[in-house]
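In structure tokens, one chain follows: the form predicted alone.
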């Protein structure tokens, strides 16, 4: 038996799942990428990595390829001498250059592995830079420790968001004096149109909202003919005042756990966390929670949108019913996607999340067990795309859902791939379409149903090449 055939066997799958020391194509990225993504959502903010230039180039490249937009970020270019003597001198010079050249309103600083292994003290070094005159006392610098050897991009997002909120809100908390606004944390959401959709729903309900962080314009700005470096939509004043909000809702619990805890424990806010509320029932729960926390009713205009999503689901349910799905990605997105698939009558079978935890596994298995039809689905925390390939070729499904990296396994398994998540580098404009809300639900139904119908047209014989499907 040759190798190409052997890797499709159950024997190979068992050996593949037994490996411990090797990761092949994980479904996650490094912490600083998430920190950069978060920082880009704030007004006039320059993402800055205390570390090597190559790391920064890697994160910029990944974000630019997914969104097809330029992404500005800098590093203080630590090299071999910094590995021996520490990066203090690099930071003092780097902060001066960043401020002089790019005139940011805030610098959001994260760390690479090199700085973390050395043990550089960010707060002390920033203070040294101010004492040396590299940056003015009035320029906020938010420091977040983001070692890539633990956690993932969602951890980095959370660490940076918490650092920004704490930096900008220093001395601004008014105990018990609420500003009447609701904080919404999108989390690491590759489909940034979701932020616009959430703001639209809040406007329809009459709810004043602060989005932490709003990077819609960063990654989807108009082509105006001239370059603007900063597009972050959350003002520094809004972010600083967020500690006085009436409450905080997170759309991705695993991507904002520390920040949400801080809003509740330190600032006495009502908080709520969701796992990427895809589909009708989950988004119903989100809107009802908003109504509960703010006292604002859900208007008829939103109810009408919900009705259209229900109509779309009714039109397409027969194409989902009984279909077997495999999916991979971030833990929140996997919970939201599995819930949506079950709502449509499909069966999630293999759910892989390299940055999923044991807690996530328990939540996912409980969700799968709640299906009235029964489920043979399994959650795989800590596994990678090579594990997933073994599952696809030995326990076949009808469709794979995930980012562009899944195309190779999908091709080997002979099934369609619907692209959701980060990064999507082999298709265009998908980040400009919502996956949340009732319009997002209709998008998901349309993409998945039409992928099945395209596959049916591609694979059927001439006698079954029908005009009506």
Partner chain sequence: MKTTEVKGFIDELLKAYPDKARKNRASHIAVKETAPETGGETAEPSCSTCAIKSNVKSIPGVMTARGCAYAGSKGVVWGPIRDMVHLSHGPVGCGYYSWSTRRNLAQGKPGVDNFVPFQFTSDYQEKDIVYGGAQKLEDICREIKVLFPEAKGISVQSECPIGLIGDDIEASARLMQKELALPVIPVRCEGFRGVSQSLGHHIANDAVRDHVLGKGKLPDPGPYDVAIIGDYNIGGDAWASRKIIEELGLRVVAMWSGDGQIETMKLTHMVKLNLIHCYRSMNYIARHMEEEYNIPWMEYNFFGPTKIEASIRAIAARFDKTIQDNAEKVIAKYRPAMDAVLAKYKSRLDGRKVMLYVGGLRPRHVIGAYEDLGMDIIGTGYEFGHADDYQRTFPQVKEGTVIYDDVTEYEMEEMVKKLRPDLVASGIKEKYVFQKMGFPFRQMHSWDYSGPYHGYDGFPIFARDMDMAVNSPTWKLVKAPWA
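Because the structure is a prediction, the values reported are computed rather than measured. Positions refer to the first chain, counted from 1.
What comes next is about the form predicted together with its partner chain, which is not displayed.
Using a 4.5 angstroms heavy atom cutoff to its partner chain in the predicted bound form, all of 12, 72 and 226 count as contacting. The contact with its partner chain in the predicted bound form, taken as any heavy atom within 4.5 Å, belongs to 79 out of 79, 376, 301, 314. Screening 167, 269, 294, 148 for any heavy atom within 4.5 Å of its partner chain in the predicted bound form leaves a single hit, 148.
When contacts are judged by a 4.5 Å heavy atom cut-off, residue 450 does not count as touching its partner chain in the predicted bound form. Heavy atoms of residue 6 reach within 4.5 Å of its partner chain in the predicted bound form, making it an interface residue.
Its partner chain is not shown here, but in the predicted bound form it comes within 4.5 Å of a heavy atom of residue 118. Mapping the unseen interface onto this chain, residue 440 falls outside it, with no heavy atom inside 4.5 Å of its partner chain in the predicted bound form. Stretch 88-96 is the answer when you ask which of 341-349, 248-256, 88-96, 175-183 has residues with heavy atoms within 4.5 Å of its partner chain in the predicted bound form. Residues 102, 113, 114, 117, 118 are the members of 102-125 with a non-hydrogen atom no more than 4.5 angstroms from its partner chain in the predicted bound form.
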